[in-house]
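Have a look below at one chain only, the form predicted on its own, in structure tokens format.
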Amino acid sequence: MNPLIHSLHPYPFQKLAELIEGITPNPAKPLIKLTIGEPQHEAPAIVLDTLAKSLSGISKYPSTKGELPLRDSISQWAKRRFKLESLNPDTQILPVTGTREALFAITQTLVGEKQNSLVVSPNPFYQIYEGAGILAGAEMHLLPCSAETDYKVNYHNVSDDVWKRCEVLFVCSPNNPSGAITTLEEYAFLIEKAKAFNFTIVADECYSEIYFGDQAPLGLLEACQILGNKDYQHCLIFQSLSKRSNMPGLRSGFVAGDASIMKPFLLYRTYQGCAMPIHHQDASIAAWDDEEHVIKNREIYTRKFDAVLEILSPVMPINKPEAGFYLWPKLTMTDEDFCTALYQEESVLVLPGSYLGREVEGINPGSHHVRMALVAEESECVEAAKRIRDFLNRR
């Protein structure tokens, strides 16, 4: 057995299940879960109709590279969304079966050239970054995103010794869990470091289409376009239909960027065996080609956040994120105590923030926070907010 398997940490939801084992939620109130980021809004009808009409595609082996109509659809969407002059569907795009498996796979592709290689990640983080780094044989180097820094990474504090060993830098923008967005100035700094020290910026952008107001979050390839990096050297974006189109079960997304990285990544994936089924590709084309359902989705999230924040703002320090569908409030009590007491008294389940981070030099930047995913229907989110307010008022 691969000995690195034993270095993997328990997944946050496994830890949560162990935390609440033996605790009975208030039986007078239906359980409301704000834990997992699984959108509960309706999937767009145009996509479901296309999927149903495309089931004959199961009779064919799909190609790892994906069919050209899908890659072309993705290219056209990305060029519209990020104001790109070009994005070659033949050399700069690969469809993937969800960003989760692709984030893991790209790390296996990229790590190994340098001695004592590092995978650099924000802290807290999506745990796939860590697991992918561990199983690739790299050491994790975590950069704190705490309340003291407005939940942003201070990349200027990272030494050149770290950049020299870095092979993959994970950037999650909009960030999970804080919703913070990486700025053009930050991307300019990182792209120069990537060129100087030969590492790849892997931008997890799966929350990019859930934002408030008219200003869409900046994307990494968009930053490259503005900064004159027209070939997207050292840069990859990872996009998904799970959040944008409320289809986490379709397992559909894409990777795009530097063609010199995409070529060996395609080779790796050919051996990995994770091609997207033809009928999923057809449904994905319908989703990427339609923006109306995405606009409606944002409107639903905006109403939800406004309603929930109106209830919670008077009783706890909490702010609307820049983007994404999580709330990330700071607590006066420990996150585990908050979670278990709220579950027991109000039958509302949230995720302890310390489960999303790691302790570095005695500090876990996720501690004394909880993550609340506002993915359910508005009425259910509002009811959860009222129960949290009542819980806090009793204290």
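Given the structure is predicted, the values throughout are model-derived calculations rather than measurements. All residue numbers are counted from 1 along the displayed sequence.
Below, we refer to the form predicted in complex with a small molecule, which is not included among the displayed structures.
Although the partner is absent from this view, Y126 contacts the small molecule in the predicted complex, with a non-hydrogen atom inside 4.5 angstroms. Contact annotation for S208: none of its heavy atoms lies within 4.5 Å of the small molecule in the predicted complex.
Put simply, F338 is far from the small molecule in the predicted complex: not one heavy atom of it is within 4.5 Å. Taking the partner from the other structure, the small molecule in the predicted complex has a heavy atom within 4.5 Å of a heavy atom of G98. This chain is displayed without the small molecule, yet in the predicted complex the stretch 234 to 242 from 153 to 161, 182 to 190, 267 to 275, 234 to 242 comes within 4.5 Å of it by heavy atoms. Between the small molecule and the residues S117, S73, N176, T200, the one pair within 4.5 Å by heavy atoms in the predicted complex involves N176.
This chain lacks the partner; the member of A323, L94, L103, C145 within 4.5 angstroms of the small molecule in the predicted complex by a non-hydrogen atom is L103.
Candidate site formed by C172, D204 and R251: every one of these residues places a non-hydrogen atom within 4.5 angstroms of the small molecule in the predicted complex.
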